[in-house]
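This document opens with one chain alone, in structure tokens, the form predicted on its own.
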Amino acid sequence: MVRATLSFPSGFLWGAATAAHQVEGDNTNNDWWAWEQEPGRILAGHRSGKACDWWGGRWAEDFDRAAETGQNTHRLSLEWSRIEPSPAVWDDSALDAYRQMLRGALDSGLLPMVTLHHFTHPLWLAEKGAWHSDDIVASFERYTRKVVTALQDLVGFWVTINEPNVLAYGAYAGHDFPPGAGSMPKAVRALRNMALAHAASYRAIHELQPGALVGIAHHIRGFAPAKPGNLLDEQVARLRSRVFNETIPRVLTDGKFSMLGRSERLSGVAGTHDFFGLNYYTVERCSFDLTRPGQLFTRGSFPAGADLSPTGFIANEPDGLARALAWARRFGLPIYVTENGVEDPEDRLRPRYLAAHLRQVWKAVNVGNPVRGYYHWSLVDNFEWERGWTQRFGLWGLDTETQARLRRPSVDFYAEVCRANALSSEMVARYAPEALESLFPSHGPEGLDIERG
């Protein structure tokens, strides 16, 4: 066996990511809670309920677990409906609770990256149309100003909106997220408003906190033709990638909003991100399908023999992360992998998925790509939106009946990576031996900063 260590730069951030509705529990004043009560909306009739009971205080023990296993940062989100339960009516006790949470993270040695919006909306905003509301930009800026004024002494690292593209497609083009509009034109309008709201939030944060770093967490999904060389498959793969992956990053870079025949320049939007937050999970194969206009005439699938997660939701495609990082580099910003992970309750796929994807992050850094940190999704099993509790993404498992945390082997694997600031062949041999030869081939190392043991 080649003994080798893939070392990361000093100061690299290692953490995990969570989202308020998925971990807090009892978020009864937002649109997702209401959505969960409707029959057929969530797989198996699941509901978030107490989730991971973070609103009951169990964030403290989870932060301790993260810090004790070598993590030095944590990405979390705030619940808008707790902070602003009615229009321009603020709940300072909620902000105090978030102050306590953030102080707890810092005291544990975890640098907080805070997301202002992660899929959920206060009921009052949802009733006005959420991202179709005429005053959504002003509402989001007002919320931003309140939060940053209250928390800026504890946070300098902000994500305005998590995965605008996923939200637009899930809620407006599709039927999985509330309100389930099923209209591509509505998705286009929502994305346009999210770009404007992000820009307003960006400017407000920098006005209040000039030294802050502000960005988005953007979902990049790989799209490849199901049959390479098939002209129609190649065309729909390119179309899906352009519409889903490129619309938001490009408008935040040059101010030009271009999507499905609509093109305009949005005032004040260009240059409104200080870093590129990249969420990556898998690559999808695209087949042309004339019967699916709402999906841009595409049927998605994974190839036969793919290394699939238990429910078939994710294929282990680490090369897709390499391509996503190379693409993101074009925007000339520091890059943070703000989400990456796999659903796997038995923790059989996760170790090799984690090892293979971290190796791609190292390769990107090794060729000068400005990747500054990595956030695993997720710290602990949480409520996975329309998929409920049917998928388990946590390093730690969760017993939803008792709230017990269950230590999976990947906890210790990731802890070794975080503490060493490196991925080694010995770690892979111990936790994902089936991936050792592909990641550390016996014919020798690929990169100059591998240290032979």
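These figures come from a predicted structure and were not determined experimentally. Throughout, we count residues from 1 along the sequence that is shown.
Omitted from view is the form predicted together with a small molecule, to which the following refers.
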Quiz item: For this chain shown on its own, do 22, 119 and 313 all sit within 4.5 Å of the small molecule in the predicted complex, going by heavy atoms?
Solution: yes
Practice problem: Name the residue from 385, 63, 54, 33 that puts a heavy atom within 4.5 Å of the small molecule in the predicted complex. | Solution: 385
Self-check item: Of 162, 139, 282, 193, the one that lies within 4.5 Å of the small molecule in the predicted complex (heavy atoms)
Solution: 162
Quiz item: Any idea which of 54-62, 415-423, 37-45, 386-394 reaches within 4.5 Å of the small molecule in the predicted complex, heavy atoms considered?
Solution: 386-394
Quiz item: Looking in the predicted complex, any heavy atom of residue 381 within 4.5 Å of the small molecule?
Solution: no
Quiz item: Should residue 377 be counted as a contact of the small molecule in the predicted complex, where contact means heavy atoms within 4.5 Å?
Solution: yes
